[in-house]
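First, one chain by itself in structure tokens, the form predicted alone.
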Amino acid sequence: MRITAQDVHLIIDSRTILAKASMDAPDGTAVALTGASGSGKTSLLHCIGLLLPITSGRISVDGRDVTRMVGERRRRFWRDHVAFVFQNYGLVPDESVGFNVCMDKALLPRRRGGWPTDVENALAQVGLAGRSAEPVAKLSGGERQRVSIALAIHKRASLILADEPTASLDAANRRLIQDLLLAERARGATIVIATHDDELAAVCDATVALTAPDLTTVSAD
């Protein structure tokens, strides 16, 4: 899935958040959005994911303009294609690890049963095998971030949007999250990452450096 933002303007409460911000992530690549705090990295990521309506410009998916996609079409887009990896994890803390991987109450295990094999397999890939019954609230930050990526693995997301996925993690967990994201890229997912992590940005295929609010520069390896 190719995702493109062209000349995106975002104004919130009369304040310009983004101006002429552009980026292009071809199918199966990883692109890092970098820049100082306040440069609009997270805002651009949310615009790309259709979480924030842009003031002007264009967001396209595989060449199709999705800028004004709303309602059921947008919900299907999220459901069928997109996985979000948020800095605050974006999980349901009162639910189990297994539920947070599939987000489907219809799959809640019976008293003597367990989660479906594909849920367990996704957890095994992120190093959380056998922990599907645990409440997310009891996990560490690094473990919660791995659950977020297990969700992307489980749904075989075509587009993964990650907001500071390695922030506040120790070195070992930062490297693990990086490796898991790169594995999803190798599978064919397109990944856009808002990050301050220079090491993570360096392993991406391209970098879009934002300097608030009206200039972007792009570099590619």
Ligand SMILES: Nc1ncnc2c1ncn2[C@@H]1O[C@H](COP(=O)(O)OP(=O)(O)OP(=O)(O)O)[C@@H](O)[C@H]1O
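One rule holds for the numbers: they count along the sequence shown, beginning at 1. If you're wondering where the values come from, they're calculated on a predicted model, not measured in any experiment.
One more form of this protein should be noted, the form predicted together with this ligand, which is absent from this view; the next part is about it.
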(request) Give a yes/no on whether residue 29 approaches this ligand to within 4.5 Å in the model of the complex, heavy atoms considered. (result) no
(message) Even though the partner isn't displayed, in the model of the complex is residue 19 close enough to this ligand, meaning a heavy atom within 4.5 Å?
(response) no
(message) Is residue 36 near this ligand? Define near as a heavy atom within 4.5 Å, in the model of the complex.
(response) yes
(message) Can you tell me if residue 164 lies within 4.5 angstroms of this ligand in the model of the complex, counting non-hydrogen atoms only?
(response) yes
(message) On the criterion of a non-hydrogen atom at 4.5 angstroms or closer, are 15, 40 and 43 all touching this ligand in the model of the complex?
(response) yes
(request) Have a look at 175, 156, 196, 68 for me and say which one sits with a heavy atom within 4.5 Å of this ligand in the model of the complex. (result) 196
